[in-house]
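Next up: just one chain, as structure tokens, the form predicted alone.
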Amino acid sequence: MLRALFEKTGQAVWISHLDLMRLFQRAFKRAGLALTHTQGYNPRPSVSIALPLSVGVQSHCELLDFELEGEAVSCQEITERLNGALVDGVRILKVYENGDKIKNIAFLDCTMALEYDKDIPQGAETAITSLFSRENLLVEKKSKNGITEQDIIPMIRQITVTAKDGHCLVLNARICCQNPTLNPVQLSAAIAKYMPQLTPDFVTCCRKEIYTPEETIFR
């Protein structure tokens, strides 16, 4: 099994997870790289993406697992051929063999830009930092079973809030991303719930890196 580290930025952030899967399947065909298929009555291409990304979120650390049939092709050549077949905003950074098991992903680093049309509200940096220092913080989470409340504090390893300029706060966090999972969107949802006066007018989010349970970079 081969693994590709790729990024999803720019206008590509609006591509859904299922459409991204289809995009990669077509890209392999255009690149002349034949994917193997699963066995059974409904064979499917052997390609999968770890930790599906929410629409609108950027990432520099997405992982694509795949398997090719036929003669071996070097990882460098696969990278070049796929990048020539993909759309703007989706770019392969590296292809390699013998990746770690996906189940060993535990944490991710994310950056959230909290943008205010007017100036940053007075005291917002300190207040938001204090919010995420509480012993518990219940935020609604949508699941297959409906809407439930989830305490997000145990899933935050570290978090900082700094002012980028007079209109934007930058929130950097390391959070759990598997067993349990914290969606970065819940961080901004917590601000809106507990400090509505500090709710930003626009929020952008980016995944920066993923880690093992020992907090070493996962690949």
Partner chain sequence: MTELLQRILPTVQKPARYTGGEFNEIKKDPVQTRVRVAFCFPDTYEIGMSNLGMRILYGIMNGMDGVACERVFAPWGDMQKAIEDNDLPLWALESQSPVRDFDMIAFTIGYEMCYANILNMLRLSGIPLRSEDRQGLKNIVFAGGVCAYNPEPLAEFVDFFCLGEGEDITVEIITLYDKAKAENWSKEAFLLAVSKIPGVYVPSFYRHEYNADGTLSAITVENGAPSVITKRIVEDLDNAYWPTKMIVPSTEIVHDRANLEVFRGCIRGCRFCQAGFSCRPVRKKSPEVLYRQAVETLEDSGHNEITLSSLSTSDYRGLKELTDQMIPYCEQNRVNLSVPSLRADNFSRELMEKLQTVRKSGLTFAPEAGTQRLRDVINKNLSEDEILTTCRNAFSGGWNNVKLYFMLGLPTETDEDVLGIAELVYKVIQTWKEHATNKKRGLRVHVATAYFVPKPHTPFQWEQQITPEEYLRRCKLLKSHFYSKSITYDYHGPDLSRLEAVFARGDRRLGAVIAEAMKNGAKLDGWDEYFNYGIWFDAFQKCGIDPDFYTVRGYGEEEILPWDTINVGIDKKFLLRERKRAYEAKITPDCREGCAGCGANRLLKEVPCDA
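It should be emphasised that the depicted structure is a prediction, and the values quoted were computed from it without experimental measurement. Positions refer to the first chain, counted from 1.
The next section is about a form of this same protein that is not shown, the form predicted in complex with its partner chain.
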item: Contact residue in the model of the complex, from 71, 97, 149, 117 (heavy atom within 4.5 Å of its partner chain); value: 117
item: Contact residue in the model of the complex, chosen from 193, 157, 60, 167 - any heavy atom within 4.5 Å of its partner chain; value: 167
item: Contact segment among 26-34, 60-68, 149-157, 176-184, judged by heavy atoms lying within 4.5 Å of its partner chain in the model of the complex; value: 26-34
item: is_contact(residue 208, its partner chain) in the model of the complex, heavy atom dist at most 4.5 Å; value: no
item: Interface membership of residue 163, its partner chain in the model of the complex, 4.5 Å heavy atom rule; value: no
item: Non-hydrogen atom contact residue 86 with its partner chain in the model of the complex at 4.5 angstroms; value: yes
item: Contact of residue 204 with its partner chain in the model of the complex (heavy atom, 4.5 Å); value: yes
item: In the model of the complex: members of 1-32 within 4.5 Å of its partner chain, any heavy atom; value: 11, 14, 15, 19, 22, 23, 26, 29, 30
